[in-house]
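Heads up, the chain below is alone and in the form predicted on its own; it's given as structure tokens.
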């Protein structure tokens, strides 16, 4: 497309003859369409939007998969923390951790925690559960019919599983949990999803199952494919209790010497911060899923760097951080993440910079067998969260938090 043709298309947008989402119909190339839209927005806003230009991304790959009406890319600084020693069932070794953030001191803090954990032998990590969920909501004629519906689902689980799995290569239906409110029925589907986080997979599969249900029980109406009992991208007790995505626990024993020399405090002071801040403070505030120091900080930076679904920071950040001083004076610390929703394929994981971040960690793409890369990634994420919690709790115990942020987050 010539410069003259681009100029004319921009003018047509400004005159209202072409809508922003229609540009691809005129240029047949999303990279050109992105430049055209950006030019039009520059004219409308009287701003220079050249910082949004990014030659790394091929918008022909992005449009239809990751974003619509593209005008460029937002660039966020990425730092590296580590090496962090992880002792998991799938992740075993020392890993470098890419973190994308605009908060000064975060990468340095995680790096300090990683150093302390690695020096003390590493983080032990276990994935206790692995399932993605979707809960369609159905309307039935009466309570009696609602119960009849649930019994039918239980009796026909094998056939439902067959229908569900016909839509996916790696997804496997594990169970269906029914919930009833009056004549309304929620079916919470739980499925494994291989190396994908799994939302697209389970949406497609539950949609097919909903059609199958209606074909066999015409009096059951599917009101919505999501009934909020999933629960996706919202803080919810059901995820806190039953888990969603990967349910992961990481722990470490950090020697007293390391705590004193590297973290500049003592185990007993860290334990007191945990008690009075994380438990008493969170309890008094009525925080749901927030018995931690700053887990959302680390999860968000990792999600942004590696192409995860950013909105799922809400539920993936549910965490209990626990500490105690052991009899020998060392510090025991653990984090429990019941709802860590991550994947190494699909979504934003195929974007060039995000894929490189996954490659740095060593988990890009599908694992062999399928699912192992996502499990490995989940263990590394949990260990990174542990490092972040250890460092911040130490800074609070030593009264170093304000100083660190002034030095690293307030450059003149």
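Keep in mind it's a predicted model, so treat the numbers as computed, not measured. Numbering follows the first chain given and starts at 1.
Form predicted in complex with a further copy of the same chain: not shown, discussed below.
- Put simply, of 144, 154, 215, 328 only one has a heavy atom within 4.5 Å of a further copy of the same chain in the predicted bound form, and it is 144.
- Note on contacts: among 105, 163, 176, 220, the single residue with a heavy atom within 4.5 Å of a further copy of the same chain in the predicted bound form is 105.
- Remark: residue 354 counts among the residues lining a further copy of the same chain in the predicted bound form, judged by a heavy atom distance of 4.5 Å or less.
- a further copy of the same chain in the predicted bound form is not approached by residue 172, whose heavy atoms all lie more than 4.5 angstroms from it.
- Residue contact with a further copy of the same chain in the predicted bound form: residue 111 places a heavy atom within 4.5 Å of it.
- The closest non-hydrogen atom of residue 255 lies beyond 4.5 Å of a further copy of the same chain in the predicted bound form.
- Residues 65, 66, 67, 68, 69, 70, 71, 72, 73, 74, 75, 76, 77, 78, 79, 80 are the members of 65-89 with a non-hydrogen atom no more than 4.5 angstroms from a further copy of the same chain in the predicted bound form.
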